[in-house]
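The chain below stands alone and is given as structure tokens, in the form predicted alone.
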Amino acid sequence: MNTAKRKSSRSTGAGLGFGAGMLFVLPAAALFAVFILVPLVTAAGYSFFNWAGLHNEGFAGLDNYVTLFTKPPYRDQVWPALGHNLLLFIGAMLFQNTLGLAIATFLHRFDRLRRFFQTIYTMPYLVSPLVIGYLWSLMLSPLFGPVNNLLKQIGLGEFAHPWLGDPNTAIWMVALITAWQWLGFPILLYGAAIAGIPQELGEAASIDGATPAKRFWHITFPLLAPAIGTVSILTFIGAMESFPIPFAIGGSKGDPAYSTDVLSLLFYRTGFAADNGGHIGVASAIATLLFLFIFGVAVVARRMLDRVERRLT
């Protein structure tokens, strides 16, 4: 009898626990459904119809996807825009994540200053990316920007350059500005991962005569593999979805001469820009393909990184 009562109480407790858990998950699930799932499914559906502004003119099948890759101006803009997204990812990996790991490793040795510098490095990404883009466009102005003026004042005037007006440098400036704003993110993640590494491992290696460089490469770096994988995937997703900073720097056309154009800008001006907008079907096709590309690469990368992590750890 007592056993039956205990089983009944356990099942009742499990039911209450599941109900309470669902109660906590429900708000997040509702927000996810309203702001992500529904727009995603809606955009995918719109991509299979012809549109005249907001008026549905009937089923189009795959015509919008064919138009995107075969008819101007889309066919001439989609591949360069994708290339610029990939350049933003490369720039973030080279500058943002590499420097973020170096700074996190350095700050780990200084307990008193760690919180202060983590706050300093974190502050830029608390500001709207659109504001960051406009501020840097002013700072890099060839007429009154402080960057070129500083180069001239310290005797490096030959390096002064219209950074955002030159198609050869504009996209790299966007990459550096983006990496600068989000530098604090990998610093926080790497800092937390380094703090979770047992100190006994480093102490044992020091007793065995390992130098700081060897301790980093043979102990710290392999144990940071999960954090590095997470940061890399999130960086890729952020680079592929980049919109505010390129928009602030080059406008909806990715000026100069589409040199800062990215897929989100192409989506925006295809669907909503005043001069060439209203092509809702093609814009929805861009959004759908962008999602599928990001999702597919993220899944494949996660599996590959899991294999690397197992080998290293």
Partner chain sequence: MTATATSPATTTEQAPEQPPAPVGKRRRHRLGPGEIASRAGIQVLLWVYAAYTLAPLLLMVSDSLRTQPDMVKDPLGLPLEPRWENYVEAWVTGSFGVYIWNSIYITVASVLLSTVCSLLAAYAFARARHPFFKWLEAVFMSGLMMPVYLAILPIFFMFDAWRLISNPIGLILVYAALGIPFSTFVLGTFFRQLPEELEEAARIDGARPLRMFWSVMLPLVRPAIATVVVFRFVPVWNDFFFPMILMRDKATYTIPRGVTQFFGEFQSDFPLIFAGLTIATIPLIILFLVATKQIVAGLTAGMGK
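Positions refer to the first chain, counted from 1. Rigid core here is just the name for the largest C-alpha set that superposes within 1.5 Å across the two forms. Given the structure is predicted, the values throughout are model-derived calculations rather than measurements.
Same protein, other form: the form predicted in complex with its partner chain, not shown, and the subject of what follows.
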Would you say all of Pro80, Leu101 and Thr211 touch its partner chain in the model of the complex, counting a heavy atom within 4.5 Å as a touch? no
Here the chain is shown alone; which of Ala195, Val127, Leu94, Leu156 has a heavy atom within 4.5 Å of its partner chain in the model of the complex? Val127
My question is simply whether Ala29 lines the interface with its partner chain in the model of the complex - judged by any non-hydrogen atom within 4.5 Å. yes
4.5 Å heavy atom contact, Ser284 and its partner chain in the model of the complex: yes
When the contact criterion is heavy atoms within 4.5 Å, does Ala43 count as touching its partner chain in the model of the complex? yes
Heavy atom of Met240 within 4.5 Å of its partner chain in the model of the complex: yes
Just give me the residues of 34 to 51, first to last, that have a heavy atom within 4.5 Å of its partner chain in the model of the complex. Val34, Phe35, Ile36, Leu37, Pro39, Leu40, Thr42, Ala43, Tyr46, Trp51
Leu289: CA shift of at least 2 Å between this form and the one not shown after core fit? no
Using a rigid core superposition, assess whether Val66 undergoes a CA shift of 2 Å or more between this form and the one not shown. no
